[in-house]
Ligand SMILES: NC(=O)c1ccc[n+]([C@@H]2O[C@H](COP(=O)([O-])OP(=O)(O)OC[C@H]3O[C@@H](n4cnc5c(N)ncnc54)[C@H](OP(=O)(O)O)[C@@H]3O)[C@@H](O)[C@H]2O)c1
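Just one chain follows, in the form predicted on its own, and it is written as structure tokens.
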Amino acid sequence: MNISLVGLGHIGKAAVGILNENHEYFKSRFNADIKVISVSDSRTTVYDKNGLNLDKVLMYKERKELDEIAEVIKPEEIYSLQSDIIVDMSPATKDGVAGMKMYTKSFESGKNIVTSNKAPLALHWKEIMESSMKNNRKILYESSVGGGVPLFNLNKYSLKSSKLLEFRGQVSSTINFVLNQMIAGVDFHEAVKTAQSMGIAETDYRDDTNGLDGARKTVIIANALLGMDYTLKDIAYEGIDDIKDINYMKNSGEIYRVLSHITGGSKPTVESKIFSIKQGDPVAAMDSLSMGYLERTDNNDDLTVFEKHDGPLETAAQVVNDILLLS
């Protein structure tokens, strides 16, 4: 299987590392001989039909000399390469148009998509899914929402017999880490700097702290689990940039998290905002760096799934998992 990788930020580099270190394991365990034939960062696309040396990709990326390891091609040439999957790990954009065009063009070129990019799915779900069906191609997006936590694959394969009654999910580690730090008395900007140094916040952190990141993920969850066609304008969301009652939160004794909240039924509720969580609530088991969720269903009872910590490596692991599923 030949793949093209787009995006070499924290997640992209972690995915390259996983593919590099586990190539022989994936081949022997799953019969998946995965070759990365092209890699694109924001400036350069390099290509080798026999497969790139991934050690060199990581090394020369750090040196900012990616163009020295293989043939340099134009970014749009990836659609004509002999690849089976285009993997999008590029940062989210405000309008998601570039990602949407990448996916539809990939489908038209006979390629499947694996993506961790939230914006195209949150803003252009209908166009993307219709193009996928029209061209008989697949798109997997497990890593776009829950980092390393299985959500869509678990629902697709294990919860078909149940209807979703309610979903409460902690799906943005950045905003919850910063909120938790603020409640502990840390200055907002200092908390953001710490999150950036940990690799969980981007240089431009505003989409995280103003609630947009969580809102995008909430839209994707609602569309995937409820079969909806929502966009950002259809949901209510809030961030933590200008919290008025932070002193109350400090003294209340309760836990505060920004959660995605979705209810099923004829009039679904779809929102992303700050919730107070009482001790004993299953969601309270998650700390501010956790990713996870509680699903209430009619036949499978209440299910709680979470990981203690989430970061680029965990998200990259789900990217690679989707690649292996398509293999």
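These numbers were taken from a predicted model, which means no experiment stands behind them. Each residue number is its position in the shown sequence, starting from 1.
Separately, the form predicted in complex with the named molecule exists; it is not shown, and the next lines address it.
- Look at 250 to 258, 219 to 227, 150 to 158, 113 to 121: in the predicted complex, residues with non-hydrogen atoms within 4.5 angstroms of the named molecule sit in 113 to 121.
- The closest heavy atom approach of L19 to the named molecule in the predicted complex falls outside 4.5 Å.
- Looking at K61, you'd find a heavy atom of it within 4.5 angstroms of the named molecule in the predicted complex.
- Interface membership of S90, defined by any non-hydrogen atom within 4.5 Å of the named molecule in the predicted complex, is confirmed.
- For the chain shown alone, Q318 is not a contact residue for the named molecule in the predicted complex, no non-hydrogen atom being within 4.5 angstroms.
- Listed residues D287, D281, D41, E271 were compared with the named molecule in the predicted complex; D41 is the one with a heavy atom within 4.5 Å.
- Looking at 1 to 33, the residues that come within 4.5 Å of the named molecule in the predicted complex, counting any heavy atom, are V6, G7, L8, G9, H10, I11, G12.
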